[in-house]
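Form predicted on its own, single chain, as C-alpha cells, below.
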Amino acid sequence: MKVQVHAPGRINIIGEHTDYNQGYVLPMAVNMGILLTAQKRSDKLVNIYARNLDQKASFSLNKLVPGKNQNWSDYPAGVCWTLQEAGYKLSGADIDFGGDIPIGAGLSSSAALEVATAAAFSHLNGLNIPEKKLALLSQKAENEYVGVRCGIMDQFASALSIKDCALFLDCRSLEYEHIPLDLGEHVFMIIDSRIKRSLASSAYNRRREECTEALALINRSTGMQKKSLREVSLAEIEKARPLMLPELYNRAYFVIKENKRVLETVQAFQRGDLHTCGSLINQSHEGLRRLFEVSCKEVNLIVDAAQSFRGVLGARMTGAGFGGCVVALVCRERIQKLQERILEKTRVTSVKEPVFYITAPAAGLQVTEVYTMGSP
C-alpha cells in the first residue's frame, strides 16, 4: 500500500505563548506544507528521504530511543515511537517527503512533518486514528522524543484546519471552532525575516519555565491552586507582584492579556471588524517585544515598517519568536508597495533579504491512497 499525505504549515493570527499556558489561540493553515509519500514494508525498517535537504535516514521501529540523534529524522522517528508507546502496531515504511515551508521560519514545518508522518503510518497500518488524536500524538513526539516542550497549537492547526477559516482553539479543553475569515480586499502577507531559530536550543523552554515560576508565586500569594496562567486574573497577578522578579511579572501579564486579545479578535472577525483585528494584532506584537521578549531587531524592523504603512491593518511576529516570520493583514492593492517599503528599510541593517508570501486560510491534513501498477 502507498499513500500521499499533505500537511500544511500555519501562521498564528494571534495568541502567542498561550497554548502551553492552557489558553486560547487563533491559528490558520497556510498554502505551504509538507508533501509526504509512504509505502508500507513487511519488516520494521523505516527509510526516509528528505528531498529539500537531499539527505537520507534509516531506523528500526524496534530500536527507537528518545533524544538519541538530535537531527531532522527525530521528528518522524518520534512519531513512530509515540504511536508504538500508545499501543499501535506498526510495520516499516519507505518515505519520501519535501515541502515549500521555509525551515526555521516559525511556520511549523516540524509539526507538519509530524502530522503527515502520523497520518501516513495510521493509514498504512489500518489504524484509522482520528485527526485530533494524530495531533496529540504528534505533540507528544515533539515533547518527549525531540525534546521541545511545544504546546498543541501547531499540530492542531495542521491536522484540523479547514479552508477559508481560522481555528479557534481552547488549549485547556481542546475544544475548537472554525471561524470564517471574510477578509474582503485584505490578505495575509507572511514576511520571512530569514533569521533562523531552533526551538530546542533557544530560550523557548526557558519562557515556559518562567510562566511556571510565575504561576507558583501567584498561587503562594493568593493561597489558591491555579493550574495555569489561563485561570489567573489581573487582580491576582497584581497581588503577587511584590514576590516576583520583573521578568516573571511581565511574562505572566503578557499571557493574561494575550488570552483576552484572542477572544476579542475572534469576536471582531465574527462581526467583520478587521480594523479592530489589526489593532489587537499590533498590541500582541508590542507585548511580545516588550514583555515576553521573544522578538529580535530584524523582526521588529519589519513589523515597524509594516505597521506604519498605509494599507496595513496590523502586523506582528508569528511563532515562538527569536527570528522567523511576521504576519501582516494588508490591503491587496498595497502588497507590492509594502514589499518595496520593507526591502528599503531592511536593506541597510539586515544580513539577509526578507522573503514574502501571500496566503489564504488553507485546508488541513489530506491523505490520498496511491494505486500503483498491479494494485487491486
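The first residue of the sequence shown is number 1, and the count goes up from there. Given the structure is predicted, the values throughout are model-derived calculations rather than measurements.
Absent from the display: the form predicted in complex with alpha-D-galactopyranose (GLA). The rest refers to it.
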*Taking heavy atoms and a 4.5 Å cut-off, does residue 151 contact alpha-D-galactopyranose (GLA) in the predicted complex?*
yes
*Considering only heavy atoms, tell me if residue 361 and alpha-D-galactopyranose (GLA) come within 4.5 Å of each other in the predicted complex.*
no
*Is there a non-hydrogen atom of residue 32 within 4.5 angstroms of a non-hydrogen atom of alpha-D-galactopyranose (GLA) in the predicted complex?*
no
_Taking alpha-D-galactopyranose (GLA) as it sits in the predicted complex, is residue 354 in contact with it (heavy atom to heavy atom, 4.5 Å or less)?_
no
*asked:* Counting any heavy atom within 4.5 Å as contact, can you tell me which stretch out of 270-278, 153-161, 216-224, 243-251 lines alpha-D-galactopyranose (GLA) in the predicted complex?
replied: 153-161
*Heavy atom within 4.5 Å of alpha-D-galactopyranose (GLA) in the predicted complex: which of 48, 320, 313, 64 fits that? Just give me the one.*
320
*Could you work out which of 188, 204, 75, 81 is the residue within 4.5 angstroms of alpha-D-galactopyranose (GLA) in the predicted complex, going by heavy atoms?*
204
_At 4.5 Å, heavy atom to heavy atom, what parts of 19-50 sit next to alpha-D-galactopyranose (GLA) in the predicted complex? List them in sequence order, or say none._
19, 20
